[in-house]
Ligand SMILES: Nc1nc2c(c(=O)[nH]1)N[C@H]1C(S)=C(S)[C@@H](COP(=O)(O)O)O[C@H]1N2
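The chain that follows stands alone, in the form predicted alone, written as structure tokens.
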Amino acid sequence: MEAFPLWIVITHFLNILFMTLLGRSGIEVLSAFPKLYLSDHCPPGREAVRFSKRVFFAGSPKLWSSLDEEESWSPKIALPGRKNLGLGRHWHFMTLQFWILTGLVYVALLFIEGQWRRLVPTDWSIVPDALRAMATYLSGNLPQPQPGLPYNAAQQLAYFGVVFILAPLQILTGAAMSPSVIARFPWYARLFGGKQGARTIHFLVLCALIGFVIVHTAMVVIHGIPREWAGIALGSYHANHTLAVVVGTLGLLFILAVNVVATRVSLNHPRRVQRALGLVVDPFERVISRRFASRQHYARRDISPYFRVNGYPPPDAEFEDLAASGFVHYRLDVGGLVEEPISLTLAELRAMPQTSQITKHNCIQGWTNIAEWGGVPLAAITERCRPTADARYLVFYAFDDKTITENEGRYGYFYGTIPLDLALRPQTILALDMNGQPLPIEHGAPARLRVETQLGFKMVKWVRAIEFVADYHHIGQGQGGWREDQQYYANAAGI
């Protein structure tokens, strides 16, 4: 069984390409919250691992935002690097779909063509055989291959572990980090110790895969590059070795070129990349977002002792005057494509039907916290203003002028949009209270949106107005939200 079928050669090459893109974009995602926790409470200063010199504590006398924890990593390792979480996620989820498809094709053909015996052990004797093979390597010699196979027992076990253990574990832990999956199936994330446990395992598996690649590459060198490349690049160890080296080198250069081009194009033309990758990513995000409804019901004992602040409160005079008076002069204007525009004071909002829920907040950076939210079901507001048949989206406008509160070359007032069907879900509310008390200013007072199947950036804080629209492409830069406009996030945020 020395010959490798052409489909093994092709899928092996595609796997290398997709794993480099996945790994680098995953590092970009990690840079937004360069910490690993074992608890979904994510207590500041008590992380299990920290990839940053900056330390933040819950009792700090100075208000700090989770955005302050973000790191800017080099494009040499991160895709694309330089604080580009939105584009990093686009690359990650686009590549993920092709990586999974390649893996499914590979595994299916393994069993269809009877090639599974190359990888799947059929006898427990492979364990002592693998140990002997590793001892032979350590002695400075090369172990003999398995009977009828092109590699030894240690290599077979390693390949089996990568294909049938590590790769599926990456997919399963990735799903356990999706806010839509967590909201619909809270028990699923608990299989991995919660979202933070899944996130930590996800990173450790990435390290294991990187370790495998390093060892695998070393084995290719030890066993002889010309011969090994003949097998994997041309399908046979007896093929022309010179041609194999040329083909293999060209293949690696192509993979390097794809990574370089992906990085440069992303940094130089972010909007084009957002739109191009969105053609693949956005439909998947929308299906996940709209298919699952939140069924979270945590207990009070599950509430996080400390809830991170994301973004600084509006410092403008109008908002400060409203806050100073306890928001007695606040009015929420609801209009657009509605039969009855309304303008509600905070007291009138509190007089409407109220609901409460204890749910898990999933920030796009990666951190989680659990809190109780009380307020008005958005369905009640929608019913009262009666949107027209043309209304398909709700736009939430905030007091938050990002030119002031987040001045990194970006500008404009914060806004966000959600489709009408999400607004009508039972756990979609306009929150007025948090943990049994009036909503704190740093968490969005006087009112903030809660959409429990979405990432936190969709849950607009400091809401001043709601508008029902048929389309959002005429608002802002047309991407459906301030972060989508300015930071190239995806408009749907279910993963």
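For every residue, the number given is its place in the sequence shown, counted from 1. No experiment lies behind these values; they were computed from the predicted model shown.
Just so it is clear, the following notes concern the form predicted together with the ligand, a form of the same protein that is not shown.
Although the partner is absent here, residue 37 lies well away from the ligand in the model of the complex, with no heavy atom inside 4.5 Å.
In the model of the complex, the ligand sits beyond 4.5 Å of every heavy atom of residue 24. Contact check for residue 468: no non-hydrogen atom falls within 4.5 Å of the ligand in the model of the complex.
Interface membership of residue 274, defined by any non-hydrogen atom within 4.5 Å of the ligand in the model of the complex, is ruled out. A single residue from the set 393, 307, 106, 319 has any heavy atom within 4.5 angstroms of the ligand in the model of the complex; that residue is 307. Among 385, 262, 230, 363, the residue placing a heavy atom within 4.5 Å of the ligand in the model of the complex is 363. Heavy atoms within 4.5 Å of the ligand in the model of the complex are found in exactly one of 37-45, 449-457, 52-60, 422-430, that being 449-457. In sequence order, 442, 443, 448 are the residues of 427-455 having a heavy atom within 4.5 Å of the ligand in the model of the complex; the partner itself is omitted from this view.
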